[in-house]
Ligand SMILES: C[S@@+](CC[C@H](N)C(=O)[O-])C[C@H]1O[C@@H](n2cnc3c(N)ncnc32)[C@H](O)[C@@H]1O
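Below you'll find only one chain, the form predicted on its own, shown as structure tokens.
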Amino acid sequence: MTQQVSKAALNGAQTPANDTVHTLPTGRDKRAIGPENRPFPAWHYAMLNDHARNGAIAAAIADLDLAGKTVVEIGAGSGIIAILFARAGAARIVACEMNPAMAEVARETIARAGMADRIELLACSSTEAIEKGLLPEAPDVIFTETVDCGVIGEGFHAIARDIRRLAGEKTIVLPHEIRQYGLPVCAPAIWGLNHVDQVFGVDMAPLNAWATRTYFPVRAAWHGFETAASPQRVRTYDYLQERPARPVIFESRINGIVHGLLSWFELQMGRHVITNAIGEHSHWHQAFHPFPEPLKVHEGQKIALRIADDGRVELL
């Protein structure tokens, strides 16, 4: 759900023009605005129609004993998850949504569902809500689905700090773990989405100063690539405890060029898993983390790297 501006945009990743954020018109005017003036990103539609994601979240909520319980949601988006918690029996849900337009949508959706008496919608970030004393301490459940294709691009680290400030000893956090997997790839077509050399004999290197250094979204299946090593878990994220980046060693099985790391995640929602793995029908793309420069490798060569806190690949 929304916590930052766009799941597609991260440190220079290209954002479609219709994902530009504008001030929300008031009154009836908002009903007549076109998509070019949409005050929230278009991926909300795809996300809400992602049946695998929705089903896993609904099942995880249904597994909980929520009678009389208090829930905090960070990144409420359109309000649907808060409604699911209310339907499952939660007595009180306090949800934060920092995009003003989405907060208004959520309020209207919650009212239409007849849940306004149990769901309190705060039009601010979780950090602001904590600083103002608006969120209950040690709630029974904290829920957030604020991950982009590379996990951290919707403010993971700030949200994790907020959750650690709120959570009590018995607080259940969903997801309780996020596992990020990756594999090095020979992928000139994907590399070309973020880099250019010459066009008609003209050196285009100045443009590369603006290339994304961390990661950007890509539908891996749409591009030809060669797997350079077996996939491995490259990082684990936890909202309740810091898990620093650790080195990962891949063994090349090709003689050729490696352009970067292709990654995907698994969100552990209780006993249910949501993933954007290659080949899965997910609204999320995969993430491509470009190497600083293409790396020439030979079969059997060790490729040591780690994923930094900003999603950048550090070759070791």
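Here the structure is a predicted model, which means the values were calculated and not measured. When you see a residue number, it is the position in the sequence shown, counting from 1.
Unshown form predicted together with the named molecule; subsequent notes refer to it.
Interface residue remark: residue 285 is not counted as part of the site for the named molecule in the predicted bound form, having no heavy atom within 4.5 Å. In the predicted bound form, the named molecule lies farther than 4.5 Å from every heavy atom of residue 140. Taking non-hydrogen atoms only, residue 163 never approaches the named molecule to within 4.5 angstroms in the predicted bound form.
Contact between residue 72 and the named molecule in the predicted bound form is not found at the 4.5 Å heavy atom cutoff. For the candidate set 257, 42, 277, 48, a heavy atom within 4.5 Å of the named molecule in the predicted bound form is found for exactly one residue, namely 48.
This chain appears without its partner; in the predicted bound form, the one residue of 212, 125, 180, 109 with a heavy atom within 4.5 Å of the named molecule is 125. Of the candidate stretches 109 to 117, 234 to 242, 140 to 148, 170 to 178, only 140 to 148 contains residues with a heavy atom within 4.5 Å of the named molecule in the predicted bound form.
For the three residues 184, 187 and 220, a heavy atom within 4.5 Å of the named molecule turns up in the predicted bound form in no case.
Along 75 to 107, residues 75, 76, 77, 80, 81, 96, 97, 98, 99, 102 each place a heavy atom within 4.5 Å of the named molecule in the predicted bound form.
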